[in-house]
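Shown here is one chain on its own, the form predicted alone, set out as structure tokens.
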Amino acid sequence: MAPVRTLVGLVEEKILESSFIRDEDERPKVAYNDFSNEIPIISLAGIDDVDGRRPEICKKIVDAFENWGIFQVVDHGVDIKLISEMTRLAKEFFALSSEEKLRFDMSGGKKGGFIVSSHLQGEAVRNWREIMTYFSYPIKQRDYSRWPNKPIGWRNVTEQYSEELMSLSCKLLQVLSEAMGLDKEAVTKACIEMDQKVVVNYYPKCPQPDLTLGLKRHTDPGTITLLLQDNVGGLQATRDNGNTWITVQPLEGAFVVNLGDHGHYLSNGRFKNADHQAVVNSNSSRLSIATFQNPAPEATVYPLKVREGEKPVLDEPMTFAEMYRKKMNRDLEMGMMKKLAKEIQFQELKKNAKVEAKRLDQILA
């Protein structure tokens, strides 16, 4: 089958293209709509009221970060009309023709734009998704030439959405700072100048969803991620190293909060980095919008506080750029080792088959 630049030509196929087929141990174990209520749902109504519900809300947030690293927030203060507009415009973008979307192709090192899969260079298996990426903060580094001009109005809505998500993220990070006994701005200050990337994910209907993933299992490298998902379902989380998975129940207008590796390290491992993936289905396409809040590349990655009796989870400080590079290299090395193991196993099977064929020839001679 000839390669395609978008997934449009593959959606109606009955058989999944081989480049998307994952090894059996990586394939989905739980259905996209087998929802669980295990992930905490926390109302933020009253979080700014120091003498009211704030202590109660903060405790729930801290417990969720300690036990899961992932939870959902409602009553978060982000304008519902803005959320609706962002979602509508995102759907309209992915409904555009392949030619229109590919005008903003971000392959070849371009910063921002449209791409299929986003798997690491060197990885053998692709993710069943299309994405549109905006780099929103720092504001002075925005490159509007990489922001689509279709559908009309998306740039203005994205700017407003980015601003409100930045504010909500900082509010949640204040809770982490206070939980560690630090100044409430400690985590955001550790980021130096916070970076924000908005990734709009589109997971089309898939002909054989049991063989692939929309996004492979991972933890986010940054500080904290806020995810807006539609009502289809597909986000899955694990807290026992992939032995069991749960599908997060979609909630209208809610944000799923994931702690990333940077947040995990700043807390000296106290708060979990969310281990998650996205599955797809053959019934409905799915849309989600992830807002990644990351530190500046030169920000130091090291615990902000080490409690008595604990050891630092990192041997030495490093920059976020160094941490990110090590994480990507480790992922690639693991993929290459797995590929090599499969090749060795295949060669061993071929060798055994030849031996068995020779033995049968001798018997039948």
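Quantities reported herein were computed from a predicted structural model and do not represent experimental measurements. Numbering starts at 1 and follows the sequence shown.
Only in words, not in the display: the form predicted together with a small molecule, which the text now covers.
Using a 4.5 Å heavy atom cutoff, Arg129, Leu227 and Arg286 all lie near the small molecule in the model of the complex. Taking His262, His276, Lys101, His76 one by one, only a single residue has any non-hydrogen atom within 4.5 Å of the small molecule in the model of the complex, and it is His276. Out of the listed residues Leu215, Leu176, Met194, Ala90, Leu215 is the one that sits within 4.5 Å of the small molecule in the model of the complex by at least one heavy atom.
With the partner left out here, the small molecule still marks one of 219-227, 262-270, 182-190, 148-156 in the model of the complex; by a 4.5 Å heavy atom cut-off that stretch is 219-227. The small molecule is not shown here, and in the model of the complex it never comes within 4.5 Å of any heavy atom of Cys170. Within this chain, Thr133 is remote from the site of the small molecule in the model of the complex, having no heavy atom within 4.5 Å. Put simply, Asn201 is close to the small molecule in the model of the complex: some heavy atom of it is within 4.5 Å. In the model of the complex, Phe255 stays away from the small molecule, with no heavy atom inside 4.5 Å.
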